[in-house]
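We begin with a single chain expressed as structure tokens, specifically the form predicted alone.
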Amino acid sequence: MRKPLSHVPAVLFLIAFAIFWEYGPGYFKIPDYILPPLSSIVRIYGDPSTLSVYWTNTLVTLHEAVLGLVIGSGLGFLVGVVLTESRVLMNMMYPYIIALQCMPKIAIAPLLLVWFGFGLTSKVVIVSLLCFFPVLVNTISGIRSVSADHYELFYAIRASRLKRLYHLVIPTALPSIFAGLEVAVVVSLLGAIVGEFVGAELGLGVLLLQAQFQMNIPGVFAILGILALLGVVFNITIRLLRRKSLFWIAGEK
């Protein structure tokens, strides 16, 4: 477990950073349209009507990100298990998966909007595509890290393929799978925002574009603050799940 004082340096840095952000722009004569003081951003969160708009759009972006994360990560895990169980499928499909991953998602986002419309589906597809590959690669890497001696032991006791997967392969691969999930949770928000940039009616990406067009720089920073907070919450959630799931590893306690 972490010591009670382990978070003190991070808190002190945050306080120092907040003080610098509040008084630095005035001291260095930085215009508000480049870097507004922190207090002007915090005041936005105190406006009930603005906060209500932010809350509504945050729920939309959160829905897109979570749904795409679950679908993309789940498919990445399943495809990773299937490919490692079949050398033929691995040799046949993996090059095409790499090719798909190499396509910039921002480039194919307009095409996805044509196919799936401006609603939820297109955003979920974009998020799923971004979350799929990190989990797939880490699942394959984790499964390949299983010791040959452990495989021989399971073969010696005549364990079925399902039992070998459940009791040996997947538990051994879990640390790598969670490493992929930590990447996926970050890009899930990125995918949702990219989809909203290309075309949407609601969402934090839409609010961000509106604030930029209106030169509402404090509003831009306020929305970025919400996105940063969501990213931290996502990361903490995955870390807690990792700690609960990998209880047998000393370093995870």
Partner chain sequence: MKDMVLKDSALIDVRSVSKEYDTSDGPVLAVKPTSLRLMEGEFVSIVGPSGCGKTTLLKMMGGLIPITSGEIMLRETTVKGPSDDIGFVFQGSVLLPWKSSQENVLLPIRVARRTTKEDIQRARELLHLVGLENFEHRYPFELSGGMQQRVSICRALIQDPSCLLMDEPFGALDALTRENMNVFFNGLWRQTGKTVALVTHSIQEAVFLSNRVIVMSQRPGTVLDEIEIPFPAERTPDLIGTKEFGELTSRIRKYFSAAHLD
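All values reported here derive from a predicted model rather than from experimental measurement. Residue numbers count along the first chain shown, from 1.
Not pictured, yet referred to below: the form predicted in complex with the partner chain.
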Of these, Gln101, Thr172, Thr121, Ser141, which has a heavy atom no more than 4.5 Å from the partner chain in the predicted complex? Thr172
One residue of Ile108, Val183, Ala159, Val81 in contact with the partner chain, assessed in the predicted complex (non-hydrogen atom, 4.5 angstroms): Ala159
With a 4.5 Å heavy atom cut-off to the partner chain in the predicted complex, the contacting stretch among 86 to 94, 144 to 152, 72 to 80, 125 to 133 is 144 to 152
Does Ala179 reach the partner chain in the predicted complex, with heavy atoms at most 4.5 Å apart? no
